[in-house]
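Coming up is one lone chain in C-alpha cells, specifically the form predicted on its own.
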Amino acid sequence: MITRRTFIAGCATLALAPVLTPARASLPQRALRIGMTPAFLNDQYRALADWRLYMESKLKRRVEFLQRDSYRETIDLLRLAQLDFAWICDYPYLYLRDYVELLAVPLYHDQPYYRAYLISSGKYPQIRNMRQLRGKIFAYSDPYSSTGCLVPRYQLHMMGEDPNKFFGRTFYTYSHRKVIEAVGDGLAHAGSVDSIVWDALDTIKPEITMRAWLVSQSPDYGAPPLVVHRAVPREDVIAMREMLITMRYDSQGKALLKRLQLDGFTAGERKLYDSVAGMMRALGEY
C-alpha cells in the first residue's frame, strides 16, 4: 500500500525530473530552405517536387522549396537569412554580394553560359533590330533580371539612348514565359528573355514560341547561379554543392536534369559574371 508520505515524495521527484516529450525527443533537423524564382519554368512543378525528394534522399535532410513571384521577394528573404540557398539570376547574385556566395552554376549544352534573346511578335515582322523599337511597347520580365531587363537597357545605353525614354511604354510580366506569351499575343512589340527558358519552351511547348520570333541574341553570360547565404554552415554548403555536381553521374539525377533541360552543375567561378557586373556599373546599379 502506498502511504500518503510516499505518494507526495514520488510527486516531488517527478516534478524535479526533466521533461522529455516524444515531440522533442524526435525533433528532426531543421529543413534546408531553397528559394526558387519565376525564372524557373512555370509548368515544372512536378520536376521540382521530384528534385526535392532526390535532394532529401542524398542529403539526409528535409528540404523545402520556397517559390516567389519576383526576384525582389527572394532578395529580401536572402537578406533576412530566411533562405539557406536560392536559384536566382546573375543580377541578384551580384546585387547580394555581401550576403551570398556562389554555390553552383548550371550547365546548358555542357557550358556554364546563357544569352538574352530579343524577341518580337509574329504580328510585327518588320522589326529587325532594337532601333526599330523606338516609341514601341516593350515587355520586361523582372526589374532584377539580367536577360529580361538589364541587357536591353544596357544595349540602349550603348546606343546613346535613355532606356527610360526610348520605348513608348514598358511593363513587367515577372516571368520569362509570360514575356514570350505577351509578345506572341501582340501585347508588346518586343521583349527580352532568358535563352534557356526560350529553348526549353521551344522544345516542350512550341505552340507558345511559334507566335514570336528571335530578332537577335546577346553574347554569352554566366548562367543563372545557385547561391548560398554566408551564414550557412560549411558542412551544409559542401554537401549541397557535391550533391548538385554529382547529379549527372547517377541515373536518377541524370533523368531529373533532363527534365530541367540541363546537362548538370559545376562549381563555377565569380568571374563568369564580370560582364554582367560591368553592365550594372555602366547603368549605376553596382
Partner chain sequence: MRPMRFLFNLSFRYKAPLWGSLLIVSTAAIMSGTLLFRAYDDLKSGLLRNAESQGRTLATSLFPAILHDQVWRAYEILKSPLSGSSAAAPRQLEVLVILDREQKVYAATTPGTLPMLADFGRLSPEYASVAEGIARPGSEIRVFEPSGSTRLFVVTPIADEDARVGTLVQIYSKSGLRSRFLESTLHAALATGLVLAVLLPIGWYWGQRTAVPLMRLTERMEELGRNLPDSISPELYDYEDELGRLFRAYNRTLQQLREKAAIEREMVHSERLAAIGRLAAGIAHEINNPLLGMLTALNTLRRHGEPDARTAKTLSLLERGLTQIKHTVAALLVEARAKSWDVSPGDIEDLRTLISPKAHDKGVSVLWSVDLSGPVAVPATHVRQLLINLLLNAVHASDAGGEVAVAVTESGGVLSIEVINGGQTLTEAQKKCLFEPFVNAGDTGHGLGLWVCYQIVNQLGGSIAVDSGTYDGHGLTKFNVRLPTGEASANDR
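Since the model is a prediction, treat every value here as computed from it, not as a measurement. Numbering follows the first chain given and starts at 1.
Not on display, but discussed next: the form predicted together with the partner chain.
query: Exactly one of Y99, W213, F171, Y113 has a non-hydrogen atom within 4.5 Å of the partner chain in the predicted complex; which residue is it?
result: After the contact test, the surviving option is F171.
Option touching the partner chain, based on a heavy atom within 4.5 Å in the predicted complex, out of L118, A200, V105, I137
Partner contact (heavy atom, 4.5 Å) among the options: I137.
Open item on the list: Taking the partner chain in the predicted complex, would K178, E181 and L187 all count as contacting it (heavy atom within 4.5 Å)?
Closed with: Every listed residue reaches the partner chain in the predicted complex, so yes.
query: in the predicted complex, which of 126-134, 162-170, 79-87, 142-150 comes within 4.5 Å of the partner chain (heavy atoms)?
result: One stretch meets the cut-off, namely 162-170.
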